[in-house]
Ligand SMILES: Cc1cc2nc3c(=O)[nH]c(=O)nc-3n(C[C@H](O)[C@H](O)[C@H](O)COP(=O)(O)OP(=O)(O)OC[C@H]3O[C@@H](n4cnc5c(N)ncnc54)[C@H](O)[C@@H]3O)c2cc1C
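Single chain ahead, by itself, as structure tokens, in the form predicted on its own.
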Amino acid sequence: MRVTILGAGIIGVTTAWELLKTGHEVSIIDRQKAPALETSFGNAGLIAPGHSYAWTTPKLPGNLLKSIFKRQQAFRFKWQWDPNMWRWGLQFLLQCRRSKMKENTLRKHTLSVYSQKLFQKLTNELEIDYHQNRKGLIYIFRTPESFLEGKAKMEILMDNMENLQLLSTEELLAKEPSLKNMESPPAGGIYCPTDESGCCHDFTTALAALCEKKGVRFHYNTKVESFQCNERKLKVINTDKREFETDVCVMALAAYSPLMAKKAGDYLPIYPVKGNSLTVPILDTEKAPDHSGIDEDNLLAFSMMGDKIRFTSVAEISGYDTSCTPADFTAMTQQAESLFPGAMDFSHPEYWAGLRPMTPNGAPIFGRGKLENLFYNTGHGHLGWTMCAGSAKITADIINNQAPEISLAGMTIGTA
């Protein structure tokens, strides 16, 4: 069949690779000039089933309310008149219950573990350099209070993930000696030896090149505008360049998916959550970390990218604005320097802001909507890099009329 994928990010490109295996004729349309230039460009780089917790906790509504007046909070809300945001926001807040937190965490975790196994199989088969780091991830807690909260959250996953290790201050410093340079020693940490990291943009770009060699046609600088459909099927994709006839369409447009899905008659409960990333050169390798991970108190992720370190933070509900200024990174810079003092050269920063496509329950959306041949693979939130290979396999299975290997409960239209 002719399959047209909308979106050349990590989700769209891994889906193309998976569909090639079963003999489909695949094309990808993207408005950018190359693959992985939006959500997949400057993300945290963590592949982290051991940190697949739901964002919707009982404490979150209060924190969002505080953020209206305290702008330096990592998770924050920016007031705006957007009916789509308010509709999504109500659904999001309804998930902020303890029972839902566990349910949503386990759903995300199941998909993340499944995906990581497929991703490792894929990377073992292909020779792709993407600054892969399989030393495991460390999750750092600066205070005894946050350490206790982290331990309580960890218990949600313990029955499903036995390799999470609780570390005392001494054990954490032995695992990651660079933390000995902190002015105040951390209270403890969690180590997940099977979590990993790498550059999503580099991987996606390399995989796209392999897809192209195998016959995938990429149509860059092409913006999807509308669809021509009958009552049951999508027939033609209208773009600003030309029309594309197709047998099957896969929508992998991240935060922009709900805008295009509406034109096909579907409502997707997805809204953008803005995140910032700061990438800086390593100045002193002796003071730089060996592991990637997260400073839990500041929700500051860090990932090794060859001779650079990337820091990511902020989850701002503020619409589709991706603008940023150096001033937006002041707190992140201070937090990064306090974590690894003297390790980085902040005089040559790379700033970036992108949009996470969040659903209320934090899980992606798969399968069909109203049209028989329009399939969704979108809404992965902050875990698109972690979930990419599994999501591609699920989508290919559905298109090929095969049962997915994991349950899709809570991950289809009307249930997310």
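The structure presented is a predicted model; accordingly, all values stated were derived computationally and were not measured. Just count from 1 along the sequence shown to find any residue number.
This protein has a second form, the form predicted together with this ligand, left out of what is shown; the following refers to that one.
Student: In the model of the complex, which of the stretches 86 to 94, 159 to 167, 124 to 132, 220 to 228 has residues with heavy atoms within 4.5 Å of this ligand?
Tutor: That would be 220 to 228.
Student: Does this ligand get within 4.5 angstroms of any non-hydrogen atom of Pro360 in the model of the complex?
Tutor: No, Pro360 is distant from the partner.
Student: With a cut-off of 4.5 Å between heavy atoms, is Leu234 one of the residues that contacts this ligand in the model of the complex?
Tutor: No, Leu234 stays farther than 4.5 Å from this ligand in the model of the complex.
Student: Would Gly45 show up as a contact with this ligand in the model of the complex if we use heavy atoms at 4.5 Å?
Tutor: Result yes; Gly45 sits at the interface with this ligand in the model of the complex.
Student: Taking heavy atoms only, is Gly354 within 4.5 angstroms of this ligand in the model of the complex?
Tutor: Because a heavy atom of Gly354 falls inside 4.5 Å of this ligand in the model of the complex, the answer is yes.
Student: From the list Thr246, Asn104, Asn276, Ser115, which entry has a heavy atom within 4.5 Å of this ligand in the model of the complex?
Tutor: Going through each option in turn, the one that passes is Asn276.
Student: State the residue from Leu339, Leu207, Ala254, Met344 whose non-hydrogen atoms include one within 4.5 Å of this ligand in the model of the complex.
Tutor: When this ligand is considered in the model of the complex, the option within 4.5 Å is Ala254.
Student: When you measure heavy atoms, are Arg31, Glu38 and Thr312 every one within 4.5 angstroms of this ligand in the model of the complex?
Tutor: Result yes, every residue of the spot touches this ligand.
Student: Within 352 to 390, which residues come within 4.5 Å of this ligand in the model of the complex, counting heavy atoms only?
Tutor: Result: Trp352, Gly354, Leu355, Arg356, Pro357, His380, Gly381, His382, Leu383, Gly384, Trp385, Thr386.
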